[in-house]
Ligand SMILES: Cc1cc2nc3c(=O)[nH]c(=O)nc-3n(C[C@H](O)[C@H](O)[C@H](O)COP(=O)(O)O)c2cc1C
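The chain that follows stands alone, in the form predicted alone, written as structure tokens.
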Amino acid sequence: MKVLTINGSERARGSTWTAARQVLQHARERGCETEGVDLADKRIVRCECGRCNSRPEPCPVDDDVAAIVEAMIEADAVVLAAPVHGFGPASLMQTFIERAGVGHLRFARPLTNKIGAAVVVGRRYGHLEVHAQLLHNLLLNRFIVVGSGFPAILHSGGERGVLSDAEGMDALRRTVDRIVDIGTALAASGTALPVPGEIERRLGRTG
């Protein structure tokens, strides 16, 4: 299976980058193919058209959002990683979530039945609120959301940054294990889950 991380920090090589790389490293140790996307290295434009919810076609803005969405579609599991900024997710991650959601994902919900998880990094406060927001976004896009029991939240203090947070790193690794174990079990079961759009067809509507 393929695991994709999306690092939503404006600092491309900061604490959240380190946490995302730990996700990828552990996934590789479990035999997965991996890919990491750092939004700080991409062109993510804030939409100003005001027609996102009424436009009947995907967003025409020429930036990297569409390509990142394609990477999410190609992956089997997606881990959203974001730092806490001002008691909320970093603005770059928030912009990406909004642009990807109303600009591309709301039409056919192509991420249905992908496995999803969230990792949040911060100094002291706001971790759980940001973690909940990321989980709500995963649920909105019909991911199968997994976790370790405890949320993968990491404190960035200490001599080695997030690597000093032994409990948080354990939750991160356990989350990756859950991703791989559930993905492997689903693949082995041969059970056909509902495809994108099937729920809408059952209800006689689209969107």
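The model shown is predicted, which means the values in this text are computed figures rather than measured ones. Position 1 is the first residue in the sequence shown; the rest follow in order.
Keep in mind that the form predicted in complex with the ligand is missing from the display, and what follows is about it.
Shown without its partner, this chain lists 118, 105, 84, 75 as candidates; in the predicted bound form, only 84 has a non-hydrogen atom within 4.5 angstroms of the ligand.
Within this chain, residue 9 lines the site of the ligand in the predicted bound form, having a heavy atom no more than 4.5 Å away. Although the partner is absent here, residue 124 sits close enough that one of its heavy atoms falls within 4.5 Å of the ligand in the predicted bound form. Although the partner is absent from this view, residue 141 stays clear of the ligand in the predicted bound form, with no non-hydrogen atom inside 4.5 angstroms. Contact between residue 22 and the ligand in the predicted bound form is not found at the 4.5 Å heavy atom cutoff. Contact with the ligand, judged by heavy atoms within 4.5 Å in the predicted bound form, is confined among 108-116, 95-103, 76-84, 133-141 to 76-84. Taking the ligand as it sits in the predicted bound form, the stretch 145-161 comes within 4.5 angstroms of it through a non-hydrogen atom at just one residue, 156.
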